[in-house]
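Let's start with one chain on its own, the form predicted alone, as structure tokens.
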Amino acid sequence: MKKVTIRVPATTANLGPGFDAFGCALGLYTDVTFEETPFGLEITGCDEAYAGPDNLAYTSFCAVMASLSEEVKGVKIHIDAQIPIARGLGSSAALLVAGAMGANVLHGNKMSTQGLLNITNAMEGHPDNLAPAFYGGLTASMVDNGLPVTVNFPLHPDWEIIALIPDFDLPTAKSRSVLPTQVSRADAIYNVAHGAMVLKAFELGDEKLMRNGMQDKLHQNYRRHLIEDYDRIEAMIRTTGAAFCLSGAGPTLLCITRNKNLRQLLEEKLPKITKANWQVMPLHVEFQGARIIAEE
């Protein structure tokens, strides 16, 4: 039986004003190994609660198999995840991407990456994490007539992205539940303008433009109360000159800077303003998306 291991990068979505549109791949990974068997399902490497047929790697594996008109007889799946669950770093998207790519590789790579994105987007509902997980780098995505469309944007090489990852989770469903169903025209215009500035700031390496552009009126103000000490941490980050935003649905917070010493500063200051345990993790931009790292 054939066997393949897929490595998928973590992703951060939204990047401030780019709600459900912007995404970026980061240097933290989930590796998933797929081995077809004569019958049955076996999933290892994850909590028992996730080791059933509703596991996202398995459901996307099955979805691609169905598109290929292939029968799923049995499969062993082993998950080695560095990406923390329910922290706003694309853990769900990583499993969906791995499952889709695993099925495709095991059956002759008959589908394009765009085809795999189409299938997984129908499952996830929005491509902001999926697109950078597949393609790498900084992306903006939309859905046109039910199908995702993605473009990549250039980044200045000097940007440092530091993730502040807490010891508590925040399910995406809960984070979405606090958002309004309608927004004002003024707020929509605000986000379109600021989103354009963020993309240009990434390209130019312009710290002031990034700080100003990364403001948002569609989601962060509604979600901040779900995250312990959000206001204190944001105020502290602002004093360092770094740009600041929520990573995806949270609770991970991102600092975007060109200051090489920011990590040390954050490690010193964070324990003084919050009782929660926040891990300070520098993450480079991953320009390579999901890929095969082993195949038998």
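Start at 1 with the first residue shown and count on from there. If you're wondering where the values come from, they're calculated on a predicted model, not measured in any experiment.
Not pictured, yet referred to below: the form predicted in complex with a small molecule.
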Specify the contacting stretch among 48-56, 64-72, 263-271, 243-251, defined as having any heavy atom within 4.5 Å of the small molecule in the predicted complex. 243-251
Any of the heavy atoms of His126 lying within 4.5 Å of the small molecule in the predicted complex? yes
Give a yes/no on whether Ala13 approaches the small molecule to within 4.5 Å in the predicted complex, heavy atoms considered. yes
With the partner left out here, check for me: in the predicted complex, does some heavy atom of Arg176 sit within 4.5 Å of the small molecule? yes
Closest heavy atom of Phe19 to the small molecule in the predicted complex, within 4.5 Å or not? yes
Of these, Thr113, Asn152, Thr172, Asn212, which has a heavy atom no more than 4.5 Å from the small molecule in the predicted complex? Thr172
